[in-house]
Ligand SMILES: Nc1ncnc2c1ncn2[C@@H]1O[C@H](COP(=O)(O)OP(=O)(O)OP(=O)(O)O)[C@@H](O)[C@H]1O
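The chain below stands alone, shown as structure tokens; this is the form predicted on its own.
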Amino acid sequence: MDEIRRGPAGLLPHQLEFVADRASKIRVMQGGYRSGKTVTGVAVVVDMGFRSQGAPILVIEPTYRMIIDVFVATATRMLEAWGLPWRYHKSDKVLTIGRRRRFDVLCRSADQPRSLEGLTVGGLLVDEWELCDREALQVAMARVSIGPCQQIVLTGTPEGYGPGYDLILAKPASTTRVWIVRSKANTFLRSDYVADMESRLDDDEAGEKLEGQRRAKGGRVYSRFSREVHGKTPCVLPGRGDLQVWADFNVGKMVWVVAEADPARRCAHIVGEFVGTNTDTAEQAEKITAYLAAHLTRVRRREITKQDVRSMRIKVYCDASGTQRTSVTPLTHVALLKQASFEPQHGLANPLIDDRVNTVQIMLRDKRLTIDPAAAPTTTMTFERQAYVNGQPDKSGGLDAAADAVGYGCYWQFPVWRPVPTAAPGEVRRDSFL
């Protein structure tokens, strides 16, 4: 840290905080355009290099041209400002920093993952890491294995939910820390930069490219969802609400969501989920019964058996197609649920997709729908990733099962619109719950 405080090239508070973190094994700076990510990366490389006791530091950019035009150009400018001697060996792609306390920075591009094999380094920086091939990321991270530092740093603008996100952030380790930095955090930017960019970007693009907030490509279906807002404080305390299941029937993958609802306050908290692959309704019902028994034992702090769960006749808000017979079994999905001592809840037909999505969106807007991300990771991922394709929620990514299940649970209990049974023939009258 002392080395990067030298000279006139000071760092902003968020950059200093990022560099000063020496405990996290993986540090991620997820920032908007011009938020100072590359400068921060250079500072981290200098800090790691002087702590690595001579072990080299590996730096990766998505392409070789970016190594020269982005990292080396920024690094040499900053090193000059900090008063640190340096020399770039172009043929070897090595940047040597320092004189008496000298270390090497190995500069490589991610478009040739095989060129990374065989290296042994004491630290790693991957700039614009989400543009890099997943194989290159895996190989690069495996190279960090010597010296006292051994930290991995990833900087870049978020790029939706691609292979890089799945590898690092979908299920982050406890030693992974993420900084989200807005473009406005860079006080050296001209005053009208952000306003100019906002005029050229749509809302989702601006969210990623200026706010550093990850967005699904094509526009998120559940754009009101945020882990920070809906994943922290439950609107219904676990163990205090009406326990229920929200289910969508599928052949390949079933996601049944477990929620606790408070009908009086028209809100619900998702406390868990059970994902079944290549299963049937009878098997799924048996497994969710065991899941519910374990959940109730935990929140009520006394043993709850599967028989106890069956005696509760828990409601299952489900797909209306469950009333139809299938080629798999002569019994309908609904009949199988009843056989397992559940109480299926459904309409004569499924709600319109727009009505179902709008109901969930309004509940998210009003903070009447919350979730435990650790207990329901698939459902959380659905809220964050499902995007629109040709004006309809995308079903190709395997995210539709949890979305449909949540939609049934919310719509049948807390609809945005409720039909008025006293309406005259041919008249459409509705009460608003907005």
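All residue numbers refer to positions in the sequence shown, first residue = 1. Not measured: the values here are computed from a predicted model.
One more form of this protein, predicted together with the ligand, exists but is not displayed; see below.
This chain lacks the partner; the member of R77, R298, K184, R102 within 4.5 angstroms of the ligand in the predicted complex by a non-hydrogen atom is R77. This chain is displayed alone, yet in the predicted complex one of S52, Q386, T38, T380 has a heavy atom within 4.5 Å of the ligand; that residue is T38.
Heavy atoms within 4.5 Å of the ligand in the predicted complex are found in one stretch of 396 to 404, 44 to 52, 29 to 37, 363 to 371, which is 29 to 37.
Remark: Q15 counts among the residues lining the ligand in the predicted complex, judged by a heavy atom distance of 4.5 Å or less. At a distance threshold of 4.5 angstroms between non-hydrogen atoms, E260 is out of contact with the ligand in the predicted complex. Contact annotation for D319: none of its heavy atoms lies within 4.5 Å of the ligand in the predicted complex. Interface residue remark: E128 is counted as part of the site for the ligand in the predicted complex, having a heavy atom within 4.5 Å.
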